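Just one chain is shown here, as structure tokens, and it is the form predicted alone.
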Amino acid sequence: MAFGPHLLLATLDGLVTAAILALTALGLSLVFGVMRVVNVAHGEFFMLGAIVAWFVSSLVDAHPAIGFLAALVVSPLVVGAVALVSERLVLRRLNYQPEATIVATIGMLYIIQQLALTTFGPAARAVPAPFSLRIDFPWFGYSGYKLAVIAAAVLLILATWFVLTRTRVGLVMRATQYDSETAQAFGIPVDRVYAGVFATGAMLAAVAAVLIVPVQQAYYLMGLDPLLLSFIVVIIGGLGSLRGTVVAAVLVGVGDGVVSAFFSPTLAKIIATLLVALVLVFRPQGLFGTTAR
């Protein structure tokens, strides 16, 4: 394949990665932006979403699209419920202290991972794609489902932006983010806001997992890479910044796709890590983050 078509193919694959990464990192960034909690178990919510998607789709004895749609509804709800219980039983009891919550979410990571290994097993499981449309370019054919993943991620990101900036729910979340004590003094139930934000962040990761699991098989260790890349994205874009998360996800995702196609996946990860180091040195708040006052 010539350089131009090869570059286009790598870019398309990179955009798919960027779309999933943006949704996953958006949940992580949202939790930190409002709660100031670094959720180390975020990747396991992603993994749990994929496993629940496989379980639900395997129960539906009908067209793959029906099983996929059922998984797209059930999986985020199950993962959100698990996150809600975790927030109430663990994070709330620690009063959301940064150091304590990091240790606690590391513990949650291993608990969820080992429970998945015990119940799901070590084997990777495939989920059928809801449709098998193939888009024919002049140089190659490309999966229509992958393009649909990009479109779905864009719609979900726009919906998140609308909720955060144009609704009362978003106003309450932003008020809690800026000053939780003042928000509580004005009657905002901060504990409920925190619980809702933590569950929403986990649900975004679960949705991302459901979208990508027809391309990548469900596996009990599949949450490690999304967690690492999500941290890279939110550090580069700026913790708590929606725009920064999306821009950084596109940079990391497309860069990973292009560098992996022409060189090696290891080099792509090295470049992303170096970029994080440069951002931390020259702009610690991230590309679109703001300096704390």
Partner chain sequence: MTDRAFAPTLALHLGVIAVLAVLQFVLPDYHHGLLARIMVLAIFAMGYNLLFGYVGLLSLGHAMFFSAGLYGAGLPVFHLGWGVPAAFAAGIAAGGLLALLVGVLVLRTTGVAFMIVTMMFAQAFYLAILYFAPWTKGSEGFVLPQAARAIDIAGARWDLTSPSMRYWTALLLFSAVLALTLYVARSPYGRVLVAIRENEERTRMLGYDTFATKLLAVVLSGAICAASGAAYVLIFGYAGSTLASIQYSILPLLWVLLGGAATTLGPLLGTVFMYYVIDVASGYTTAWLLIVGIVLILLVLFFPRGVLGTIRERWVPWLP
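Residue numbers count along the first chain shown, from 1. Predicted model, so just to flag it, every value in this text is computed and none were measured.
Below, we turn to the form predicted together with its partner chain, even though it does not appear here.
Novice: Based on heavy atom distances of at most 4.5 Å to its partner chain in the predicted bound form, which listed stretch, 263-271, 43-51, 246-254, 56-64, is the contact stretch?
Specialist: Flagged stretch: 263-271.
Novice: Select from the listed residues Val73, Leu133, Ala81, Ile102 the one whose heavy atoms reach within 4.5 Å of its partner chain in the predicted bound form.
Specialist: Looking at the other structure, the residue within range turns out to be Ile102.
Novice: Ile157, Ala183, Met108, Ile150: which sits within 4.5 Å of its partner chain in the predicted bound form by any heavy atom?
Specialist: Among Ile157, Ala183, Met108, Ile150, a heavy atom within 4.5 Å of its partner chain in the predicted bound form occurs only for Met108.
Novice: I have Val38, Gln113 and Val281 flagged as a candidate spot, so tell me whether each of them has a non-hydrogen atom within 4.5 Å of its partner chain in the predicted bound form.
Specialist: Yes: Val38, Gln113 and Val281 each sit within 4.5 Å of its partner chain in the predicted bound form.
Novice: Quick check on Val85: any heavy atom within 4.5 Å of its partner chain in the predicted bound form?
Specialist: The answer is no: Val85 has no heavy atom within 4.5 Å of its partner chain.
Novice: Quick check on Ala10: any heavy atom within 4.5 Å of its partner chain in the predicted bound form?
Specialist: Outside the cut-off, so no.
Novice: Going by a heavy atom distance of 4.5 Å, is Ala126 a contact of its partner chain in the predicted bound form?
Specialist: Although its partner chain is absent here, Ala126 would stay clear of it in the predicted bound form, with no heavy atoms inside 4.5 Å.
Novice: Give a yes/no on whether Gly170 approaches its partner chain to within 4.5 Å in the predicted bound form, heavy atoms considered.
Specialist: The answer is no: Gly170 has no heavy atom within 4.5 Å of its partner chain.
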